[in-house]
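Heads up, the chain below is alone and in the form predicted alone; it's given as structure tokens.
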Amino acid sequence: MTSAAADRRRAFPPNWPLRIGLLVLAIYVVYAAQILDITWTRFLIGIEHGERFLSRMFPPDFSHDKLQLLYAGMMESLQIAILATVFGTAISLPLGLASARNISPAPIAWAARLFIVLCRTFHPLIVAILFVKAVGFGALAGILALTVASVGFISKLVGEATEEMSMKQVEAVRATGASFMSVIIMGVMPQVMARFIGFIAYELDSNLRNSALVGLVGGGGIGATLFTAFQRFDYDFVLTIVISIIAIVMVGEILSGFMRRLFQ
């Protein structure tokens, strides 16, 4: 009985490595908060400033002149998102297939993977800053930045989907003596096309959101309009823009979900 009772007491022994790790993490959090000057006083002051800021945002400004600016910015953001998605998709499909190690030679696959990693290394905002410096302010910088982001996302998922597919269909097409392009079209694409359409739909939705973000650094679109409104302390128009961005993102989410269901 004594041995059984001892076994029951040791059924859940203390996990000392986990406890020590959590203690070290807690100590580091306190240390980092002090270094970064994160204090309760500053948090309370920030709440007061936020209340004054929100009070100046209501009611939103839907005047005719502001709606014209809003429409122009939204249409530019929509065009940036669509063009970036189209260009990114056109690059991503062959790049993703090239990165799949089950259908590409190792040197080509690793070179494609290296390029994909480079596209995924930096946030679209940083890439947008680089393109703004290279080509100047405007929609072109935003399109190029979101194209890079689209290539990094879609090509990676296409490569993974290709590596996960069944090789039986591919081998059957190869056995007929078909060319490499015929193998891709008849053996690979039917297996990955449904997921590929889903990737495109998701990336379009993501580009709709990011088009507002890149505009804050000069990439055009509604983000530029939002930045200008902040500079002019036109906070009621800021709220109008924010509401519009939320609405367009929700519509994009609905459309992307419909596209994914349509091609499943």
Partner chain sequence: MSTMDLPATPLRRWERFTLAERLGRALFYLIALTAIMWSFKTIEIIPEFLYDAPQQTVDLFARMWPIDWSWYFPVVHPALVETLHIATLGTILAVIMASGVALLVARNITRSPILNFIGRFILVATRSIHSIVWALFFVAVFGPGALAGTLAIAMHSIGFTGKFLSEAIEDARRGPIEALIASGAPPLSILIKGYWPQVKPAFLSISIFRWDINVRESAVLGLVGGGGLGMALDTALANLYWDQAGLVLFVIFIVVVVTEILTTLVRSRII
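The term rigid core refers to the most C-alpha atoms you can superpose between the two forms while keeping them within 1.5 Å. Numbering follows the first chain given and starts at 1. Remember, it's a predicted structure, so these values are computed and weren't measured experimentally.
Here the subject shifts to the form predicted together with the partner chain, a form of this protein not shown in this document.
- Taking non-hydrogen atoms only, residue 136 approaches the partner chain to within 4.5 angstroms in the predicted bound form.
- Taking non-hydrogen atoms only, residue 140 approaches the partner chain to within 4.5 angstroms in the predicted bound form.
- Although the partner is absent here, residue 120 is a contact residue: one of its heavy atoms lies within 4.5 angstroms of the partner chain in the predicted bound form.
- In the predicted bound form, at least one heavy atom of residue 226 sits within 4.5 Å of the partner chain.
- Exactly one listed residue, out of 165, 98, 173, 83, brings a non-hydrogen atom to within 4.5 Å of the partner chain in the predicted bound form: 83.
- Listed stretches are 86-94, 101-109, 179-187, 165-173; the contact stretch with the partner chain in the predicted bound form is 86-94, by a heavy atom cutoff of 4.5 Å.
- For the three residues 75, 230 and 238, a heavy atom within 4.5 Å of the partner chain turns up in the predicted bound form in every case.
- Contacts of stretch 34-52 with the partner chain in the predicted bound form, defined by any heavy atom lying within 4.5 Å, are made by 35, 36, 38, 42, 43, 46, 47, 49, 50, listed in sequence order.
- The Cα position of residue 58 differs by less than 2 Å between this form and the one not shown after fitting on the rigid core.
- Taking 2 Å as the criterion, residue 249 does not count as shifted between this form and the one not shown: its C-alpha moves by less than this amount when the rigid core is aligned.
- Relative to the superposed rigid core, the position of the CA of residue 67 differs between this form and the one not shown by less than 2 Å.
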